[in-house]
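Form predicted alone, single chain, as structure tokens, below.
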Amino acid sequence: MPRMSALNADLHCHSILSDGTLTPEELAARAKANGVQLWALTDHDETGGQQRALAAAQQQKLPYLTGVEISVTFADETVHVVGLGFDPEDEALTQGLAGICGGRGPRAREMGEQLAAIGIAGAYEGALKYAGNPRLISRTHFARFLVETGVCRDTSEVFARYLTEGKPGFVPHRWARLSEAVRWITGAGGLAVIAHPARYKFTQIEEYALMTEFKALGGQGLEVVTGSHHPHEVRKYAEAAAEFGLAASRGSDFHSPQENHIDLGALPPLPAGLTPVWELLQERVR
């Protein structure tokens, strides 16, 4: 694979196996049609779609990297760590992810109870209809239900009014530790990437601590170009990648044609002068 920051790689998206609305097969076809040259499916805390994604990518003649997005608690904030190019059958990884998923069901029921207490009945059951994998029921599924029933105009409004900290439907969950997520990914032969860093509400000191600890644990990548990053944030995290010696990743974080502003493969290229993560993963591309 050529060393070029302009490669149309999309290494962050979600299927119905977590909180996306398309199947792995539909995503592979969409990625190919949109000119993606290297693709990864990165469902939340779940690798069950990897074989389907790989088979679909191969059918499309689309180079593929295995992927996952692991939920981590760091400084009382939920941080996401993307794993790329790992063995999806690795025992430590699969057991670790199973432990994370075990807490999602009780959390979702509590969210439903809290929403019922303010007059929104049936939210848990309604969210469950949207969860292709009930083990991975999430806030996004609740948001889709509240849009469907006319409580809110769109999912962004749902999160703002009901599903973020301090709002009536928010229930915290203790995810994996940063050290665990990086160890699971690297132990399975993969590369760990901090996803969409601009989304976290960290102080400058906390963000520096995250990058420093991540690098010390064996993390190697930082998502510089992603669907939620504005141009000034791309510049900021390009500088952070260079400062911390991290390879740069690129991914739309695509979930749904109806909900995402950025489609698969529609991102700008990585800034020049950075090492793309795919350059470190050439032997893992399938």
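Heads up: residue numbers just count along the shown sequence, starting at 1. Note that the structure is predicted; figures quoted are calculated from it, not measured.
What comes next is about the form predicted in complex with a small molecule, which does not appear here.
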Q. Which of 133 to 141, 119 to 127, 203 to 211, 181 to 189 has heavy atoms within 4.5 Å of the small molecule in the predicted complex?
A. 133 to 141
(Q) residue 229 versus the small molecule, in the predicted complex: is there a non-hydrogen atom within 4.5 Å? (A) no
Q: Determine whether any heavy atom of residue 255 comes within 4.5 Å of a heavy atom of the small molecule in the predicted complex, and answer yes or no.
A: yes
(Q) Residue-level contact is defined here as any heavy atom of the residue lying within 4.5 Å of the small molecule in the predicted complex; does residue 73 satisfy this criterion? (A) no
(Q) in the predicted complex, does residue 107 come within 4.5 Å of the small molecule, counting heavy atoms only? (A) yes
Q) So in the predicted complex, are 64, 90 and 284 all sitting within 4.5 Å of the small molecule, heavy atoms only? A) no
